[in-house]
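In the block that follows, a single chain appears as structure tokens, in the form predicted alone.
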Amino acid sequence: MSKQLFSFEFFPPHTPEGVEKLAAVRKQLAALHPEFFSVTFGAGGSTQDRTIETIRQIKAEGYNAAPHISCVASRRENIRAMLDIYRDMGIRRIVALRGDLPSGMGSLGEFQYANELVAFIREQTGDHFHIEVAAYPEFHPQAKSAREDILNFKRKMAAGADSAITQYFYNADSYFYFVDECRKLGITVPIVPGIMPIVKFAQLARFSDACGAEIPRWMRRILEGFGEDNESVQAFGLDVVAQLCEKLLAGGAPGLHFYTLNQAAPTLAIWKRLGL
């Protein structure tokens, strides 16, 4: 079996204090020797410059960095310019996403779907970049059907994607089912589970409602029962998420991608529990 790969995701900080805090978080997580750190790209490209700057800092510290690039509000020339910047920086991995449309914004831009973005990156840069795309074990909230969603995923692969990172989930069966269905369609790329540590229930519920990730009813009821007791929320969350990770790795997942929310402690606690 090939070596399992681990990676960590950040969002670009908004303030000088946030930049400083993220540098400290990065230092702690770098001790775990991740394959790469990825950096998100705000809705409508709203964090474009901060994404580039954060990637620059990660690269300067000697770590592998993977910027997100999204279709939303993107024009070909913007994407081309960004790809040139990243190539000049020595970046070798890109996360290509459709992205979410900010409220009140009418259209996606020149690319409607992630497969179009992937094809464009390939056309512009050949095989310079390893291209990651998103996968949805519980299916994209806007997909008309489960079948359509998997066929959309297949189109991203056909366009030239190398591997995928999933939306977070708390039901391992949904991941294994999704991977099995992909394999039946001849999709052989690594599909890495996205892992969301549980820090605050209200925040998690908000994220999950927005992105269509399911919080199983039994989990939701227990988390609701803790009210504002964040210590109990986190202790329960650590148990649940660590068990999920154990099950995924034992079942053959090629690694784990942690949505860190720019914090080190929740991910480090899971890591320690897993004995990695």
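What you see is a predicted model, and the numbers here were worked out from it, not measured in a lab. One-based numbering along the sequence shown.
The protein also exists as the form predicted together with a small molecule; that form is not presented, and the subsequent description refers to it.
Enquirer: Consider the chain as shown here, without its partner, and state which of Ile198, Ala114, Ile91, Ile191 has a heavy atom within 4.5 Å of the small molecule in the model of the complex.
Expert: For this set of options, the contacting one is Ala114.
Enquirer: Counting any heavy atom within 4.5 Å as contact, can you tell me which stretch out of 76-84, 151-159, 177-185, 120-128 lines the small molecule in the model of the complex?
Expert: In the other structure, the partner sits against 151-159.
Enquirer: Contact between Phe258 and the small molecule in the model of the complex at 4.5 Å, heavy atoms?
Expert: Contact with the small molecule, no.
Enquirer: Taking the small molecule as it sits in the model of the complex, is Tyr136 in contact with it (heavy atom to heavy atom, 4.5 Å or less)?
Expert: Yes, Tyr136 is a contact residue.
Enquirer: Heavy atoms within 4.5 Å of the small molecule in the model of the complex: does Thr40 have any?
Expert: Output for Thr40 is yes: heavy atoms within 4.5 Å of the small molecule.
Enquirer: With the partner left out of view, is Thr54 within 4.5 angstroms of the small molecule in the model of the complex by any non-hydrogen atom?
Expert: The answer is no: Thr54 has no heavy atom within 4.5 Å of the small molecule.
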